[in-house]
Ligand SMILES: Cc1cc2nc3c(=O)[nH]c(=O)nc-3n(C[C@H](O)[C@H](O)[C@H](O)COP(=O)(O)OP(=O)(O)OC[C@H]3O[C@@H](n4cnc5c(N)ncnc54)[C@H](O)[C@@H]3O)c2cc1C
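Next up: just one chain, as structure tokens, the form predicted on its own.
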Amino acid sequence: MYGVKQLFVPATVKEALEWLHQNPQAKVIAGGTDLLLKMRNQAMREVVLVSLHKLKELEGIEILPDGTLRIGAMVTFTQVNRSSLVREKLPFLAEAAVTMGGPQIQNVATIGGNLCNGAVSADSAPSLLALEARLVLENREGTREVSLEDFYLGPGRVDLKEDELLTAIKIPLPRHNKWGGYYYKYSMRRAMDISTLGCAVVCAVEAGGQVSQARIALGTAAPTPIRCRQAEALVAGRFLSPDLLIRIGETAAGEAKPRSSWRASKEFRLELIKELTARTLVQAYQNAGGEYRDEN
């Protein structure tokens, strides 16, 4: 039914990279929640697979000596959510992890696979963009790092060569004393649905209450997940107010390039961007210890 021509299960990353070098047509399978669906629908046939399931090197969550949080590419969304390190250092990322599908999917879907699939609706992408995550990519010749923002090339297209593996995600931990983040997923169903729009915001707050820095990222709002840098610039050094939030939402909508699909029209997504960018910013601000009162 699934049309698997050959399955290779390496025991080490080195072995996997050597095999990929020799079999560039092979497809990598991690959790399989996207790939197996394509195969079941016969979009792919006679597939050569290399499974990463035995590669313990791609698991684990740790703090590196430079203070960076490293998440192995084979870490599942359930593991991200339950990690004491993630909950302590990046609590909103732990919360965002359980917006992806339902428990069955979260138990097998990997954070690396979610990124490598290249879907604009990937639930992990906005939060990791807002956190300025970098990806560690390896092949037989060596290792390179690329920012997540540069990793996305277009719908379903990522900067991953045929003989490369994504081995880890590296996240620089916020150094500001008062910072917070939030991920808002809008979907047609309350649970277990693909994102109609995803918005993530990370912000730092000064002692006086003004925002010193904000990062705003959107998913399903353009051909790739995006940062809204013009909107970010509007809030830096400012106090939140209803008028400012309206301007930020409108600016973010101006930076986005949503399209109409069977899930939502372009016009509806633009209105969502205006509203959800403001809502998510307020929640991130409050998570950072800021106090916001709507004056209207």
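Quantities reported herein were computed from a predicted structural model and do not represent experimental measurements. One-based numbering along the sequence shown.
Below, we turn to the form predicted in complex with the ligand, even though it does not appear here.
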With the partner left out here, check for me: in the predicted complex, does some heavy atom of residue 181 sit within 4.5 Å of the ligand? no
Given that the partner is absent here, does residue 30 sit within 4.5 Å of the ligand in the predicted complex, heavy atoms only? yes
Does any part of residue 139 reach within 4.5 Å of the ligand in the predicted complex? Heavy atoms only, please. no
Going by a heavy atom distance of 4.5 Å, is residue 113 a contact of the ligand in the predicted complex? yes
Thinking of the ligand in the predicted complex, which stretch from 162-170, 204-212, 217-225, 78-86 has heavy atoms inside 4.5 Å of it? 162-170
Looking at 146, 188, 105, 153, which is the one with a non-hydrogen atom within 4.5 Å of the ligand in the predicted complex? 105
The ligand: the contacting residue among 93, 100, 135, 131 in the predicted complex [heavy atom, 4.5 Å]: 100
52, 73 and 109: each with a heavy atom within 4.5 Å of the ligand in the predicted complex? yes
Going through 115-136, which residues have a heavy atom within 4.5 Å of the ligand in the predicted complex? Please give them in sequence order. 116, 117, 121, 122, 123
